[in-house]
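In the form predicted alone, a lone chain appears below as structure tokens.
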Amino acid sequence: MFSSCAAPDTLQGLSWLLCYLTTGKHIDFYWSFLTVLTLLAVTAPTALAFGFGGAMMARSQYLALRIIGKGYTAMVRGIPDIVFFLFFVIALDQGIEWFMHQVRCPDWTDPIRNGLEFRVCPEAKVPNNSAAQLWHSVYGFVLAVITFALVFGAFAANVLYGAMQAVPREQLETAEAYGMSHGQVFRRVLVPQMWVFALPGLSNLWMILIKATPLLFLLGVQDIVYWARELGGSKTSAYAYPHPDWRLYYFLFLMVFYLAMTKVSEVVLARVQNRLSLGQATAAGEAQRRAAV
């Protein structure tokens, strides 16, 4: 980055450290923090949408929808995350390419599967082999978001289902007695009331999601843990900036980063919980009423 860094062998002290911390690989390391934060920002609402849909189907009056909703939560929650991440991403990627193969190469005669090999026509590759590296990174990131959202959406569905069940039935019956339709009761009474019961469980899921971001490397995304391991490892003379094994310091830095994220999350979630508990017939709401007296 700096012209003085052209000859690393002549550098010493802080000059060497400055040049070392501004190499291209370290720039990728810094960008990987943005990748993790973007994953959290996109995955959280997406997983909540999956969870809300799963909870809605689990409460449906139609048997088929109930089976789908409860089957989704039971299946995903019962499979270890690492197994699901390794299997689902490969299956989804191959499913997309198989579909594109059927659309773009209908005259293809060679078998798509040959033992462990999976081969489609070049036009069916997603993204195309000639595409820029940026699009390969975006594609991998989208697959990661879908995978994270499906996994954590199942847990969110279970939390939201329990929160909906926790809303007093008397309130729903009172709303129906006032002439509200089923949809109005759902939108105006059930959904606003359920959040105070759902937030503790959703808060735990958010913390678990933060800790699960290092699983990105399983999906082919170079995350902060990947770069900390690569940059902290001892280098040889083949590298411009050789150094001893510094992985301990890199991982200590990541520990501080994750602890800071969880602490900020705790403060924000506690304020949201206090806000939602105002006037509610819950333990937190009762504590607030007593404190106000």
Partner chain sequence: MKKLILTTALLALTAGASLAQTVRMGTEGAYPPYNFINDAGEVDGFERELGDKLCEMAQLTCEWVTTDWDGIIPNLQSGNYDTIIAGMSITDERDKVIDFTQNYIPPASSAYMALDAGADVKGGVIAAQTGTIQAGYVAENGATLVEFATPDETVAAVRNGEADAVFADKDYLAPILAESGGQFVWAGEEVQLGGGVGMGLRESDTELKAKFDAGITAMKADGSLNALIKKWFGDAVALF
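None of the values given here were measured: they were computed from a predicted structure. Positions refer to the first chain, counted from 1.
One more form of this protein should be noted, the form predicted together with its partner chain, which is absent from this view; the next part is about it.
Contact annotation for residue 118: at least one heavy atom lies within 4.5 Å of its partner chain in the model of the complex. A residue is said to contact a partner when one of its heavy atoms sits within 4.5 Å of a partner heavy atom; residue 135 meets this definition for its partner chain in the model of the complex. Although the partner is absent here, residue 266 sits far enough away that none of its heavy atoms falls within 4.5 Å of its partner chain in the model of the complex. Contact annotation: residue 176 falls outside 4.5 Å of its partner chain in the model of the complex, judged by heavy atom distances. For the options 183, 122, 168, 78, the residue carrying a heavy atom within 4.5 angstroms of its partner chain in the model of the complex is 122. Just one listed stretch, out of 31-39, 227-235, 252-260, 60-68, contacts its partner chain in the model of the complex at the 4.5 Å heavy atom level, and that stretch is 227-235. Shown here without its partner, the chain carries 46, 50 and 131, all of which come within 4.5 Å of its partner chain in the model of the complex through at least one heavy atom. The partner is not shown here, but in the model of the complex the stretch 17-36 reaches within 4.5 angstroms of its partner chain through a heavy atom at 23, 24, 25, 28.
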